[in-house]
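Only one chain comes next, encoded as structure tokens, the form predicted alone.
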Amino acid sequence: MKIPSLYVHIPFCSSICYYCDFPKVIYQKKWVSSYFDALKKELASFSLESPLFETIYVGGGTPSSLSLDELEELLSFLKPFLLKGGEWSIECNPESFDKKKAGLMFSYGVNRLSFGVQSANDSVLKKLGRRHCYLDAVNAVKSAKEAGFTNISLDLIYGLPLESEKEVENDLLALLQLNPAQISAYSLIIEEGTRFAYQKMKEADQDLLAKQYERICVLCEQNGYNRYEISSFARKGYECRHNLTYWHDESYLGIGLGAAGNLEERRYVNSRSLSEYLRQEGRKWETMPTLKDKLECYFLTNLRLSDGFSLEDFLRRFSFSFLDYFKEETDKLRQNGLLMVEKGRVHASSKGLYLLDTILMTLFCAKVMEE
């Protein structure tokens, strides 16, 4: 089978952030070699039509928490799998990134870095359980640029309890001063099993979140960043190609602890238990998807994008017309100013992107999907 994108999960972290629900373990050197062996075995276990990927994304956890030698072993393993001209991204935390790691990554062909900055306010970073200060982020971006990186993405978290719209604006302006290629802005979600959940922290008021999000959108647009996905703002030509694989509901391979994959609409997720993963056990496959399952996945992904999906693509995927199949629902959403149909494409309006759940529920509840 031909799979365009590879996701590689590195679960090791030097500490655990209070909001994080991703599969992770505290870094211990003794586990790294065994984990790399498991990654190699898992990748080899798939019958791939081509061993080359258009995009590779190394996420975590904290990939940059690896030592220089460990990082080089990982890069050496992955480099042969990247297609010429492909996009290779690695997630980094500012406190575990330096000039040597920047130079090493660049020399192996990594061409996109994503830094978990989250805030420019040191007191906020401490409340989130982060182990860096804003100056660390400034220095990390500087080191990346000096090594030759031009495609740099910065993450921002907004919607902290008692956080004002002005504080969010100050955070974003500080990140914009670093002149990244992309900014990703995520509202704080209290996930079960996290320290914030144990502390019974409450998520911010929805009205305040809406104001903060709107302000983020305005400031990004004013500074030359196009919102191409609900949470992602990029300069022209710097949209994350790997993430677009997800949002276009295309096939991708995921390897590593807790990693997920989509192989020709058959989805799987790996075990979140490190001991199980090292034994190559615990992978769960979805049952064969129904038409409803396929439609829901298609809408969940594609409608996150500012340009949505083309009517032609929908027809190719499902062999019937979207406008005929969902006529009543589409008319209702268009009348409410949430959905747009223009130039052969279907996409959420600016208002609709923020109220995407409303669009999705309207489509998911269509009687025709139950047939």
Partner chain sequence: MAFDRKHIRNFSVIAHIDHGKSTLCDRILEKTGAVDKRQLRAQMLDEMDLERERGITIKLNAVSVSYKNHDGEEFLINLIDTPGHVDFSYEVSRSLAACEGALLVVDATQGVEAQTLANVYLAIDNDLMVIPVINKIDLPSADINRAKKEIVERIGLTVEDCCLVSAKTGQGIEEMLEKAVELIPPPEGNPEAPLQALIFDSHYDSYRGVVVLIRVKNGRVRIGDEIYLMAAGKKYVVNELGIRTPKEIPTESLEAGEVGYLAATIKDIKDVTPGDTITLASHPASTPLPGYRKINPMVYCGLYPVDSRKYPDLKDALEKLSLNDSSLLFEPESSEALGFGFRAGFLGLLHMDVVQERLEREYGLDLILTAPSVRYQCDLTDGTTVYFDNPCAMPASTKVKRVLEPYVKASIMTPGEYVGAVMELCQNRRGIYQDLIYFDDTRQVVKYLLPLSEIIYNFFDRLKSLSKGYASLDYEVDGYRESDLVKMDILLNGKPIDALSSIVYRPDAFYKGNLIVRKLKDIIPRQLFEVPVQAAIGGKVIARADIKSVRKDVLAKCYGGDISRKKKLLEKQKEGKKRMKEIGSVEVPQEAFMAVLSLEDGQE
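Remember, predicted model here, so these are calculated numbers, not experimental data. Residue numbers count along the first chain shown, from 1.
Unshown form predicted in complex with its partner chain; subsequent notes refer to it.
Within 4.5 Å of its partner chain in the model of the complex, a heavy atom is found for every one of 292, 358 and 365.
Not displayed here, its partner chain is kept clear of residue 215 by more than 4.5 Å at the level of heavy atoms in the model of the complex. Remark: residue 210 counts among the residues lining its partner chain in the model of the complex, judged by a heavy atom distance of 4.5 Å or less. At a distance threshold of 4.5 angstroms between non-hydrogen atoms, residue 122 is out of contact with its partner chain in the model of the complex. Its partner chain is not drawn, but in the model of the complex it has a heavy atom within 4.5 Å of residue 246.
For the options 81, 228, 252, 106, the one in contact with its partner chain in the model of the complex, meaning a heavy atom within 4.5 Å, is 252. When you look in the model of the complex, the only residue of 71, 260, 156, 174 with a non-hydrogen atom within 4.5 Å of its partner chain is 260. Remark: of stretches 316 to 324, 28 to 36, 330 to 338, 46 to 54, the one touching its partner chain in the model of the complex is 330 to 338 (heavy atom within 4.5 Å). Of all the residues from 277 to 308, those having a non-hydrogen atom no more than 4.5 Å from its partner chain in the model of the complex are 286, 292, 293, 296, 297, 300, 301, 304.
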